[in-house]
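Next up: just one chain, as structure tokens, the form predicted alone.
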Amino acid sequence: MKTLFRLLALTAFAVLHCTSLSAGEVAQRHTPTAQKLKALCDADTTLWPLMAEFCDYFPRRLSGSTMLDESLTWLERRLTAEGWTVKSQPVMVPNWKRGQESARLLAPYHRNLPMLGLGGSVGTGGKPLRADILVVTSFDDLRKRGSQAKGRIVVWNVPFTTYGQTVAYRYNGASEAARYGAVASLVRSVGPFSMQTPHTGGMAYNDSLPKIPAAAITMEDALFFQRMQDRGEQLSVELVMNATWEQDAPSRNIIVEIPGTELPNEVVVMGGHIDSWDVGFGAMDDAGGCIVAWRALRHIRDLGLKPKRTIRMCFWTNEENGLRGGVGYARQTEQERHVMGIESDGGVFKPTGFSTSAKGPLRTYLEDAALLLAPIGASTLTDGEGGADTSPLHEKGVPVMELVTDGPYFWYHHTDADSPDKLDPKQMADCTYAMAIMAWVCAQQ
């Protein structure tokens, strides 16, 4: 019994001793490497131009489009020219086409209304849809006024709070409006700022209810409709949408990696999604995240660093309207052990840290490693569940992280204003450093 007690005591001491050693020492151990990575990132003058070149030649990379396919081919060629062995993962993706669309105020006077059909919406049946509108401010408001919705276009004038809360009206608004007999649904664009810029995005239908056309209008017009309705005015709108669904189309994820020297079947994957909506340049969302992950891996390679575990970069396809790239990645890598999934999909603005699902000793290790990001003000770790593309890995128990940045992401999210000029070269360099550091320390843990 005394021997058993001594063994337990020694084991407890060893655990405590390892914990005390790790506290503050992970960052110290990796400081020389971090300094070299920081110097490479700061000296890199080609990062922002690469992102801009890609976006300028390949905007509007919606799943199923020729533009997305051509952009993937361009990336494969550029990666090959840099000396990478490029792998691809084939996936079939949804193929929704916007077609011609418009919205027009008919009464009390005529005016064109900026609008964008929501991804996945049905069209108006090949002819204009004309109806009076009913402005509501919440699901509860519609329930209270449901008897007024029949035969009308429901306008959701819901102020932006958080994306997670407000996006419910974009995603579910059409079916909720149809529940009360509405003929179409218009949602106030999901964002805190507008200059008559509508925001598109995905939506879904409840199959037990009629499918009605759904589009986004600007913040300004939603507020205008509300003011006029409050004055007792009856407004009428004409909506034209020629959206269609076509057969699923082939696409692919793109992968390059630095194989692990000791545990090559254990993987740290980092990246972003290469598809975008069919508006704007898709720079913030998410070419910037992809290019930053690419350059982070290149800097690790250029320093001649040899990770214990494999560090992989992935450009996931079809995040915006299906997540089939992320799902396909998780399925096609089931024979590997992922130790971390890292995504950048919040705009590569000023980095402030990472959100992570990591718990226990791994969380402690990451908090220590995050001290390496103090020079760029990005040493904060918060709770989170990672990005959309890493969520299928997270569902399988893989810890995940997502780069957190401070910038006007939702001002331009899913709009024609998502363009390269919104991103700053220095902030992109700092994001690259943050991604490189976290990928490296996760591979070395």
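Note that this is a predicted model, so its numbers are computed, not measured. Heads up: residue numbers just count along the shown sequence, starting at 1.
Not on display, but discussed next: the form predicted together with a further copy of the same chain.
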item: Region of this chain that lies against a further copy of the same chain in the model of the complex, out of 175 to 183, 287 to 295, 336 to 344, 224 to 232 [heavy atom, 4.5 Å]; value: 224 to 232
item: Of R111, R77, K97, R145, the one that lies within 4.5 Å of a further copy of the same chain in the model of the complex (heavy atoms); value: R111
item: In the model of the complex, the one of D383, E395, D56, D42 near a further copy of the same chain [non-hydrogen atom within 4.5 angstroms]; value: D56
item: Non-hydrogen atom contact R60 with a further copy of the same chain in the model of the complex at 4.5 angstroms; value: yes
item: Any non-hydrogen atom of E25 within 4.5 angstroms of a further copy of the same chain in the model of the complex; value: no
item: In the model of the complex, G407 touching a further copy of the same chain (heavy atom, 4.5 Å); value: no
item: a further copy of the same chain contact in the model of the complex: M219, any heavy atom under 4.5 Å; value: yes
item: Sequence-ordered list of residues in 397 to 413 near a further copy of the same chain in the model of the complex, where near means a heavy atom within 4.5 Å; value: W411, Y412
